[in-house]
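Here you get one chain, nothing else, as structure tokens; it is the form predicted alone.
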Amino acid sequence: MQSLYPTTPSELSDDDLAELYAYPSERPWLRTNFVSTLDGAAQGTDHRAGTISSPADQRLFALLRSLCDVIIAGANTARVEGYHPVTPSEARATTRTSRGLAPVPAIAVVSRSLRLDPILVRGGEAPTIVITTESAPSDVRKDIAAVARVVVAGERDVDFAAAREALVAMGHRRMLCEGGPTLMRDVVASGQVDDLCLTVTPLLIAGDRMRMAHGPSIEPAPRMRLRHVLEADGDLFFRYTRG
């Protein structure tokens, strides 16, 4: 992987990448991470982002997970992509230890229906957090609360400002949102996104797959500031922060 902007092209090691994507220490930070084809699809024909990912994208995906306290994902994405609790073998131990992080990041899954994989709910090395609403089925919510941490944020729709505040109160200051597109749209609309990492992979798949953010238009549209561009095997890796 090499840097194209703002520096002259140069090869980057894993340690270089860890520094480039380091979270700021002075305040909580919510990062989002997505992969997209050249024609804007955020999913493959099987509705999975993993289908359009590449080895270089997977390398960065693993690094970003190794730098955060908590991974945030929508319930549908968790189901389709087969989310399970993160295991120590999936995280870079030296990266996490040197930054004072827990051995693995927690997972926070956002769900109003509470139709969740019991394996994910039970958690693993780190506990799973379930973010839901007051209108979620109370009996299911009670059952989940017996094995996982439940955050109620909002009446019918998730209040992401309240959800973020709750995660920070638990000590999760370095947050990584992995989508999917519907959750991404709502998080952006809430004004909570600090950082966007976007992989553009050189594929043209057409079809009717969702874009990175799916849902009603956001007005005014947030403007992001380009921080860097990296390249590996034809993939481009953009990082933007809130403008």
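It should be emphasised that the depicted structure is a prediction, and the values quoted were computed from it without experimental measurement. A residue's number is simply how far along the shown sequence it sits, counting from 1.
The next section is about a form of this same protein that is not shown, the form predicted in complex with a small molecule.
In summary, the region of this chain contacting the small molecule in the model of the complex, judged by heavy atoms within 4.5 Å and restricted to 89-97, 108-116, 165-173, 138-146, corresponds to 108-116.
A heavy atom within 4.5 Å of the small molecule in the model of the complex is found for one listed residue only; from I52, V200, V188, L196, this is I52. Under a 4.5 angstroms non-hydrogen atom cutoff, the small molecule in the model of the complex lacks R59 among its neighbouring residues. The closest non-hydrogen atom of T128 lies beyond 4.5 Å of the small molecule in the model of the complex. Using a 4.5 Å cutoff between non-hydrogen atoms, V121 does not count as a contact of the small molecule in the model of the complex. Contact annotation for E134: none of its heavy atoms lies within 4.5 Å of the small molecule in the model of the complex.
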